[in-house]
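The form predicted alone is given below as one chain in structure tokens.
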Amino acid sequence: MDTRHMRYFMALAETLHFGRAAERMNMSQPPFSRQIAMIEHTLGVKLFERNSRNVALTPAGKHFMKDCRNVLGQFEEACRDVRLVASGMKGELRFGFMMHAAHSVVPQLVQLYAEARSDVRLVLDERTPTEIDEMLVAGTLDAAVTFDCGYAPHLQTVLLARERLRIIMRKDHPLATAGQIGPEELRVEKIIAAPAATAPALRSAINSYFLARGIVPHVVLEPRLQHTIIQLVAKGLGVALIPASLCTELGAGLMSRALTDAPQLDVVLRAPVTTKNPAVSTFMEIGKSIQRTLL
């Protein structure tokens, strides 16, 4: 028994007429009748009552009709789904992003993709930049928003935005009322920054900002996460240079200031060049549409 035999049965069950059922299946009546007899013989159950005038379903036939309708419906849905998945219209996309990107490009990117591909399930995974790079290479992420760390021929890259760093401090910090803030003003300040092993592009930008003036930043604490950095600044343990998008929701006792010649970082959408997930192409195209509005 297979779906072909179920369709023979359903044709007769729905028409209750051998001639019309055979015509629906593009067969002549004798071979069609043999198929029905074969189905009943295989099942060991009488599905139809027949006489010279009428065809009627037996109780077993009525139950089998209900089950066949469900099975065939699920089979047809499976056939539709596999085509949709192959075309990128359905399936799953594993999307990673840096925490600070949740305050900038990620909400718009997710919203636009959900509208364009409502049947694709987005699996969101918030990670550090280094974790994102490793997961893209390992294939455990299909796409991700991260900082641009330079040339990566194994990845397709879309520039989404350019983001400057700002300095955050307590409102009672002496620099809160300073006319301008640059490396010279921060020479003796305690700096809190993510380690290079966690966010290499961000840490490189911070270090280069100081070193360009011949100053080595006095980094006292190196938490992995930006939210932790903000909390440590709130306790008066130092100041921090963080992406501007994170400065919109600081606590009541904190403030941010612009930096003189502030460092700038490229925020990019990346996916493996060799991806086998057909849902990725539309995701990257939506990234390009966001690029046109943000740059």
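Numbering starts at 1 and runs along the sequence shown. Only a predicted model underlies this, so the values are computations on that prediction, with no experimental measurement involved.
Note that the form predicted in complex with the DNA isn't included here; everything after this is about it.
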_R24 within 4.5 Å of the DNA in the predicted bound form, heavy atoms_ = no
*Find out whether any non-hydrogen atom of H41 is located within 4.5 angstroms of the DNA in the predicted bound form, and reply yes or no.*
no
*Look up in the predicted bound form whether H63 has a non-hydrogen atom within 4.5 angstroms of the DNA, and give yes or no.*
no
*Answer for K288 alone: is it within 4.5 Å of the DNA in the predicted bound form, judged on heavy atom distances?*
no
*Listed residue (A258, L237, V55, V45) with a non-hydrogen atom within 4.5 angstroms of the DNA in the predicted bound form*: V55
*Please name which of the stretches 259 to 267, 223 to 231, 47 to 55, 245 to 253 has residues with heavy atoms lying within 4.5 Å of the DNA in the predicted bound form.*
47 to 55
